[in-house]
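A single chain comes next, written as structure tokens; it is the form predicted alone.
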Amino acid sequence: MTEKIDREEIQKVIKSVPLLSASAAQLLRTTTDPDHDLMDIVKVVKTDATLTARVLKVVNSAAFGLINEISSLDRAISYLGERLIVGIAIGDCAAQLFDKELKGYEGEHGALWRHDLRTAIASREVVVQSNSDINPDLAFTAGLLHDIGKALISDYLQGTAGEVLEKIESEEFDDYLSAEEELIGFDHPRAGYELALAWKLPEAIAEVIRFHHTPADAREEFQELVYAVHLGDNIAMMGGGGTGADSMRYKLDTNYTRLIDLQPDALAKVMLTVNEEFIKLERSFSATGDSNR
């Protein structure tokens, strides 16, 4: 029998999760500023010796196959680009969550990280292909963090996947989101939002985490970004990159066309890019030395 949880219980779980490093938190704040540039990223990384070493290790790894070694942090960051730097910083801090076995979703170790990475790439490409005014790298970062709540509630859902799928098929549950709410009293977007508040994440990213399955409920100023990640999440699942039993068991809000102009040929380009970029980025992130990613 599953255990019902509430906000107080989620807060207890969150207290056991490491905080984001000061540099990772600053990178997230910096990248949500529309007026930032690459030098702002460089300044943040330079304050963190561990992150600096990670960045230099990645850029000089076999994944990039450079002939000449890069020893300058400025050059390394310029070469890798903003989204990879942010991904390294977040991945290092939140490895405990991203690499966790999602027993409640029947997802293996690293499934959450791989799905979030695919969603991040897809979200960025949705923005690019639809000629949106949203910063593509912000969409990438938001996509990378959108499902973090699953790691917080997964253990409470252990042993329920079979029952949930049966009840979705029989329409007793509308989707996996309503099943989470019914079974344990808390769904993963709400859990992730509580973590976003604890980590003091930028409002735009917190809004994506909270409403990535129900984008119409997001505040108007953030809806376009939330819809972009909503689409990116569904595209990632369509490509076979889910987190376990819940894959493709959520509703697509087709009203995305109100804010996102993504033509069928553009959607095909997004899916192709996701597959190509995922292989390259996963190889790059694995250069940080984490065998699970």
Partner chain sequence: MSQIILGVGDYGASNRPGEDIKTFALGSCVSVILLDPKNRTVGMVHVALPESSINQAKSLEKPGYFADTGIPALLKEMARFGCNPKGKGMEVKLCGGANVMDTNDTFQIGKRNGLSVKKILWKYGMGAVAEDLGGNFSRTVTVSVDTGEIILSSPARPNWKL
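Positions refer to the first chain, counted from 1. All values derive from a computational prediction rather than experimental measurement.
This protein has a second form, the form predicted together with the partner chain, left out of what is shown; the following refers to that one.
A.B. asks: Answer with yes or no whether Met271 is in contact with the partner chain in the model of the complex, where contact means some heavy atom within 4.5 Å.
C.D. replies: Within the cut-off, so yes.
A.B. asks: Is there any non-hydrogen atom of Thr30 lying within 4.5 Å of the partner chain in the model of the complex?
C.D. replies: Outside the cut-off, so no.
A.B. asks: Indicate whether Asp174 is a 4.5 Å heavy atom neighbour of the partner chain in the model of the complex.
C.D. replies: Yes, Asp174 sits close enough to the partner chain in the model of the complex that at least one of its heavy atoms falls within 4.5 Å.
A.B. asks: In the model of the complex, is there a heavy atom of the partner chain that lies within 4.5 Å of any heavy atom of Ala245, even though the partner is absent here?
C.D. replies: Yes - in the model of the complex, heavy atoms of Ala245 and the partner chain come within 4.5 Å of each other.
A.B. asks: So the partner chain isn't shown here. In the model of the complex, which residue out of Glu207, Glu82, Asp187, Glu106 has a non-hydrogen atom within 4.5 Å of it?
C.D. replies: Filtering the options by heavy-atom distance leaves Glu106.
A.B. asks: Though the partner chain is not shown, can you say which of Leu73, Leu197, Ala95, Leu165 has a heavy atom within 4.5 Å of it in the model of the complex?
C.D. replies: Of the listed residues, the single hit is Leu165.
A.B. asks: If contact means a heavy atom within 4.5 Å, which one of 48-56, 35-43, 61-69, 245-253 is the stretch that engages the partner chain in the model of the complex?
C.D. replies: Looking at the other structure, the answer is 245-253.
A.B. asks: The partner chain is absent from this chain, but in the model of the complex, do Leu231, Asn234 and Pro264 each have a non-hydrogen atom within 4.5 Å of it?
C.D. replies: Yes: Leu231, Asn234 and Pro264 each sit within 4.5 Å of the partner chain in the model of the complex.
A.B. asks: Which of the residues spanning 35-58 lie within 4.5 Å of the partner chain in the model of the complex, based on heavy atoms?
C.D. replies: Stretch hits: zero.
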